[in-house]
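Heads up, the chain below is alone and in the form predicted on its own; it's given as structure tokens.
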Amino acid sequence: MTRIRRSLLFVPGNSPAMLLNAGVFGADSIIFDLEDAVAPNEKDAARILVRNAFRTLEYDQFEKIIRVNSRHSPFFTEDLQMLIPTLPDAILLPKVEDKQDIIDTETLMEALERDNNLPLGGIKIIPLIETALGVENAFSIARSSKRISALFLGAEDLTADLGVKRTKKGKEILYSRGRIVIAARAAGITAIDTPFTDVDDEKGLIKDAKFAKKLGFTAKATISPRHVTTINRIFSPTEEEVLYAERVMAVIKKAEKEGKGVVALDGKMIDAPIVARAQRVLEIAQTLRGDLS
């Protein structure tokens, strides 16, 4: 089954109720958070709760991501030692600033996979970019491991690092958003946008999510279950996008049948990136139809 990633919902790892109900919110991915949402004196308990939830609860309906603590924190190694054996789909690694953060994390993950007789490389890594240095090194980070499936922008810590105020308009993170998208695309992976943190501002969320999609993000995280439906709708292909993708593929098939090497649609040349995007749009649309049937 093709896995779609439009919405990513943070769930505190120390909340039994949220862990129990993680599947009811409709998010494509659940981020089980062991970092910011958990106080230092609750780290051990949260780690155990998430491990036990993975062992006993049915989580097949969404992508399972664990946000561990920073590589430089005293909790990092224990997080991976306890949770790699539960086979999450991905590890969300916070405070990534250079490729060495990824290399060291991958080394430990591979050792734990070997120790637990798990498939090597099956668990992905999503670097969370939330410092100025991380933004500047985004492309080298994205290319540092085959495990990396996306880059994730964390604007709250980033604006703190920049010494600027985080605003709803987001002008202060525009450059960083662009850098993350370009680095991700250049590396052949996807880009995940930062959460919109005002849970009561639906209009603001819609505006922010639509802008992120226009920039090239294919998914958006959220700290509120109330945002999931809106994010899913905005990051799903529109009817217009699906129709255009179908026309692109029809033109390509016709050109191949006629032996033509150059193809145009509505006066615009159809090159490989346009075809790849059309294929992805149709793949997502088909998967969504399957989920709704």
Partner chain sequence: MRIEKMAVAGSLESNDVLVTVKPNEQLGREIIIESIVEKQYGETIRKVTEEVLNDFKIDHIYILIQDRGALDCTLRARLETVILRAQGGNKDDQNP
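Not measured: the values here are computed from a predicted model. Positions refer to the first chain, counted from 1.
The same protein also exists as the form predicted together with the partner chain; that form is not shown, yet it is the one meant from here on.
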Query raised in the report: Which residue among 52, 229, 238, 61 has a heavy atom within 4.5 angstroms of the partner chain in the predicted bound form?
Result: 52
Query raised in the report: Just one of 269, 276, 24, 17 has a heavy atom within 4.5 angstroms of the partner chain in the predicted bound form, so which one?
Result: 17
Query raised in the report: Does residue 42 make contact with the partner chain in the predicted bound form, using a 4.5 Å heavy atom cut-off?
Result: yes
Query raised in the report: Taking 4.5 angstroms as the cut-off for heavy atoms, does residue 250 touch the partner chain in the predicted bound form?
Result: no
Query raised in the report: Can any non-hydrogen atom of residue 122 be found within 4.5 angstroms of the partner chain in the predicted bound form?
Result: no
Query raised in the report: Any chance residue 75 has a heavy atom within 4.5 Å of the partner chain in the predicted bound form?
Result: yes
Query raised in the report: Counting only non-hydrogen atoms, which stretch in 252-260, 29-37, 43-51, 230-238 is within 4.5 Å of the partner chain in the predicted bound form?
Result: 43-51
Query - Residues in 188-225 with any heavy atom within 4.5 Å of the partner chain in the predicted bound form - result: none
